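First, one chain by itself: the form predicted on its own, in structure tokens.
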């Protein structure tokens, strides 16, 4: 077996070829808009076809290196990459703004990123605005009616996963047998913030998915809608979920999608057993004092 047969890490462009109709991908083109290929080279954006459907595709290129920002390599989402990805989303919204809900093109995110590129220059120039802008763009597209599916093929780590994945309607992930990694914060960081011993957190991670990492744990949390058993199945599973998401939006059931829907799903799967009760309590306490502030 070839080394690449048992992993999709670093293979964002291969994944695009695997899920799209053959020869249909037009890189750096979304609707009537064209992107500068030299800008944000670590991001791959464009338009393709899936089972005849026009889709916007946004992915990471783990082999690209951004000479202007040396921290951007290996799939890192840097300052330019975040803006380029956000722009691709807004260009998608603009292209379909006059189309009915049923004709809003899906957005497919191919996720394989080890994180953001927080170098000194990036922080000064506004790295947080770049990643925050990308999150906002996806949220706006989702609420505008575009079905958004995130397909985790490798690494979905930290802040890069927050902007490139967690705003999707449905998140899918390859099985852990392919080296897929998902975590927002390692236990060592949780320990520093909570002041809890690492040993205690490691023990909690065995029974509580909130403290753990990995595809299976995120599935229990509701963060992953479905685990895809092998790369060859990605195309069919993505198409299936595009149709499911579009149907729910047509029925006006958007509360079952996106971050809110994942919370509901996590509660059903036993991974977030206190979430709904906590939300109810917060709402009750807010309602008790709202008039003192809203109508003041």
Partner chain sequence: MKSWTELANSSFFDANARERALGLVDKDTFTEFLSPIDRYCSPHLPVLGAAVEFDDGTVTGVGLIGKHPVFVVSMEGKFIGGAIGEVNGGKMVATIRLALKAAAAIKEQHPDDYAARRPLVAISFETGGVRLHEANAGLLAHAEVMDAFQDCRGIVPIVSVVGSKVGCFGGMGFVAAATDVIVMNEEGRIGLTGPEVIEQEMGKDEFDASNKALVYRTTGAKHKYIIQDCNYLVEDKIGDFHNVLAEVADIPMDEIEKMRRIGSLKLVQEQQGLVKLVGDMQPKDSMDLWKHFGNENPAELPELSTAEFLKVVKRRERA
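So that the term is clear: the rigid core is the largest set of C-alpha atoms that superpose within 1.5 Å between two forms. Numbering follows the first chain given and starts at 1. Worth saying up front: this structure is predicted, and the values here are computed from it rather than measured.
Keep in mind that the form predicted in complex with the partner chain is missing from the display, and what follows is about it.
Asker: Would you mind picking out the stretch of 147 to 155, 217 to 225, 172 to 180, 105 to 113 that comes within 4.5 angstroms of the partner chain in the predicted complex, counting non-hydrogen atoms?
Answerer: Of the options, only 217 to 225 has residues within 4.5 Å of the partner.
Asker: Does any part of residue 11 reach within 4.5 Å of the partner chain in the predicted complex? Heavy atoms only, please.
Answerer: Answer no; every heavy atom of residue 11 is more than 4.5 Å from the partner chain in the predicted complex.
Asker: Going by a heavy atom distance of 4.5 Å, is residue 200 a contact of the partner chain in the predicted complex?
Answerer: Although the partner chain is absent here, residue 200 would touch it in the predicted complex, with heavy atoms inside 4.5 Å.
Asker: Would you classify residue 75 as touching the partner chain in the predicted complex, given a 4.5 Å non-hydrogen atom cut-off?
Answerer: Residue 75 lies outside the contact set for the partner chain.
Asker: So in the predicted complex, is the partner chain close enough to residue 95 to count as touching (4.5 Å, heavy atoms)?
Answerer: Judged by the heavy-atom cut-off of 4.5 Å, residue 95 is well away from the partner chain in the predicted complex.
Asker: Select from the listed residues 27, 36, 255, 51 the one whose heavy atoms reach within 4.5 Å of the partner chain in the predicted complex.
Answerer: When the partner chain is considered in the predicted complex, the option within 4.5 Å is 255.
Asker: If you look in the predicted complex, which residues in 135 to 151 sit within 4.5 Å of the partner chain (heavy atoms)?
Answerer: In sequence order, 135, 136, 139, 140, 142, 143 come within 4.5 Å of the partner.
Asker: So with the core overlaid, does the Cα of residue 189 end up 2 Å or more away between this form and the one not shown?
Answerer: It does shift by 2 Å or more.
Asker: For a quick test of reading the superposition: does residue 285 move by 2 Å or more at the CA between this form and the one not shown, rigid core aligned?
Answerer: Comparing the forms between this form and the one not shown, which are aligned on their rigid core, residue 285 does shift its C-alpha by 2 Å or more.
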